[in-house]
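Coming up is one lone chain in structure tokens, specifically the form predicted on its own.
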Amino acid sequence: MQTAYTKEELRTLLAPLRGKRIVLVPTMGALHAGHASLLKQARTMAGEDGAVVASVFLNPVQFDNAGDLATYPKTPMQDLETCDKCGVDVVFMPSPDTMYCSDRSITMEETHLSTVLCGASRPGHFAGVCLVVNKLFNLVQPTDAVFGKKDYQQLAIIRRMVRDLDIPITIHGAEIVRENDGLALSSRNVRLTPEHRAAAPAIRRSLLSAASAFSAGKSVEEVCTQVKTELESIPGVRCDYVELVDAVTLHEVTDPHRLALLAVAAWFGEVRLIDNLELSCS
């Protein structure tokens, strides 16, 4: 495994790999078993003749809350170990000054998928995501990229960006990896208090219960209310949103034959957790 800290080093390491299948896994570091599953999926996808590139970059542009950026965990040495164990060929670990010019003036904006769910309460977040992912696509020029379904809205927006901008990359969504008690793995989980960590699996349970209710004929509104009521009965928990939407458009479900998404974001004290569940409407 080789590591690049500058764009020039990255280009040098990637030059011999051009013409092969290159699979990119963008991350913000603090890698856990969920990230490892993405890297392993990328390794399988690339095969013996292809290459896996992982980026480890805590992107300041996508944070709408300075406090969240400041407290985001940073584990660079462990991240490199994880990448090595998962068969990554090249790790790109740039600094913010490397990724962004001090007088940068070009931005990116998505105007439909990013107006709901997390985008509604995190202004500018997905503009920052689109910008950094587009830069990584330009730098690495992968054939494929893997993103986790836990950040489902991010995955949908990146798919839309690739489609609308004719970027020649195949986007793959990887299933959510969970703890034994059902909590979706997240770098933010380490910031939960013991009490909130014990309560957090209620997110998954509420989603599964609501999915059963939806299958039994409950309305979208009833299903969302059920999840919110269950979660907000826990001391110190408040919901940012609970929505049942079309899995592609992220807006109202209008076609009963399309995949739907039940998505939730909830504050457990000072920590915001997200989770989701794909549902078949038919």
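The structure presented is a predicted model; accordingly, all values stated were derived computationally and were not measured. Throughout, we count residues from 1 along the sequence that is shown.
Keep in mind the form predicted together with a small molecule is missing from the figure; the text below concerns it.
- Contact annotation: of the candidates 133, 207, 83, 145, the single residue with a non-hydrogen atom within 4.5 angstroms of the small molecule in the model of the complex is 133.
- The listed set 129, 200, 156, 140 contains one residue whose heavy atoms approach the small molecule in the model of the complex to within 4.5 Å, identified as 129.
- Contact check for residue 27: a heavy atom falls within 4.5 Å of the small molecule in the model of the complex.
- Looking at residue 62, you'd find a heavy atom of it within 4.5 angstroms of the small molecule in the model of the complex.
- Of the heavy atoms in residue 110, none are within 4.5 Å of the small molecule in the model of the complex.
- Proximity of residue 79 to the small molecule in the model of the complex falls outside the 4.5 Å heavy atom cutoff.
- In summary, the region of this chain contacting the small molecule in the model of the complex, judged by heavy atoms within 4.5 Å and restricted to 214-222, 248-256, 235-243, 54-62, corresponds to 54-62.
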